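Encoded as structure tokens, the following chain is the form predicted alone, with no partner shown.
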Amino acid sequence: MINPATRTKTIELSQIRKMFEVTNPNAINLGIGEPDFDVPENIKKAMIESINENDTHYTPNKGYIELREEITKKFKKENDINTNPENIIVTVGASEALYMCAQAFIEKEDEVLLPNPSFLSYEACIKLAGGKITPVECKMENEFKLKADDVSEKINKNTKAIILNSPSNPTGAVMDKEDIKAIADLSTDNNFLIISDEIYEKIIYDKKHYSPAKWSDNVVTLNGFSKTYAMTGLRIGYLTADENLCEELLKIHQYNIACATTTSQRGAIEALKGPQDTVKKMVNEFKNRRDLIVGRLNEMGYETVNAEGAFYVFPKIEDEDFVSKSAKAGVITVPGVAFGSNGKGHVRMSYANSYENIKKAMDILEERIVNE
């Protein structure tokens, strides 16, 4: 048997990806963070045209210049980030962008501040790069929001980076402007990197999204098309950073991926240039589902924060057998502890499923678990 590399031994396979392996066809899956909507027709058409035009060859490593120009406009208009096409890299999903950041900037003994709880890929990428994790508690009494004062207390001479994710997976928390600006200032004063994962930025209900790169140059901003345009399987994302940072990131991208898929890039161009009405409809529907699931969970006695973004809720459920019980009853969920120690006693539920299925799932939980 060939021994695996030491760096992989502490990494476990994703508990979320296990949800894709559920074999019960009748189970309602509230475990998957994937919009249940179809890719908008105008984007599909652009990709079909790409294939018909034999647009199947390599693109520049950073991606098509037309796409990078559109991303530049998007950053300026929507995020107050002044960048240019040369400082943008089109990636194979935001996941590649995250991995690039870890490989380009994190090494042995570097400490990375990580919200607790947070998306489980963050921890894996940090460990694969040899870094150490310094958790920053995101407390339920603060609606799971990362607070600048808590971050400040964890900074030390070994702090190399912090990962921000607003809106948050798994909690749906949206950070306040004051905390984002304060953390941006801390990154400048203490010379550490902010890796800002903004993949859910458009899925916000009653608040506004703010990017830390508006206030600091020490930021790599990650984003993509998976959540906003339901393009998950097309694996298309992007990042921007200052020139010096971008050059190091390109080294990882160039020798690992070469370039993102041509067809997906063409679809991404249309996504940014075309009408945005389908996005607004999708977000409105997510809000309706959020209201439904939060209301029902609270009625059942499972204390649930009224998530302000993304499509997740993180109810307080201290029954350690809840996930297995609900799976047997026909509702798939994810244990909160998969997202960090502060997730213990919680369960992540995704409402990226139909309103009807969510209602049915809540009925099952009430009848088969709460009232049994």
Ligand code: PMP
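Only a predicted model underlies this, so the values are computations on that prediction, with no experimental measurement involved. Residue positions are given as counts along the sequence shown, with the first one as 1.
The form predicted in complex with the named molecule is left out here; the points below concern that form.
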According to a 4.5 angstroms non-hydrogen atom cut-off, is Y200 in contact with the named molecule in the predicted bound form? yes
Are any of the heavy atoms in A94 no more than 4.5 Å from a heavy atom of the named molecule in the predicted bound form? yes
4.5 angstroms heavy atom contact with the named molecule in the predicted bound form for F119: yes
Taking the named molecule as it sits in the predicted bound form, is K207 near enough to touch it, meaning that at least one heavy atom pair lies within 4.5 angstroms? no
Among 276-284, 179-187, 226-234, 289-297, which stretch has residues with heavy atoms no more than 4.5 Å from the named molecule in the predicted bound form? 226-234
Counting only heavy atoms and a 4.5 Å cut-off, does the named molecule in the predicted bound form sit next to every one of N79, P212 and S216? no
Partner-contacting position among T221, T262, N87, N165 - heavy atom within 4.5 Å of the named molecule in the predicted bound form: N165
The one residue among G63, P40, G336, G33 placing a heavy atom within 4.5 Å of the named molecule in the predicted bound form is G33
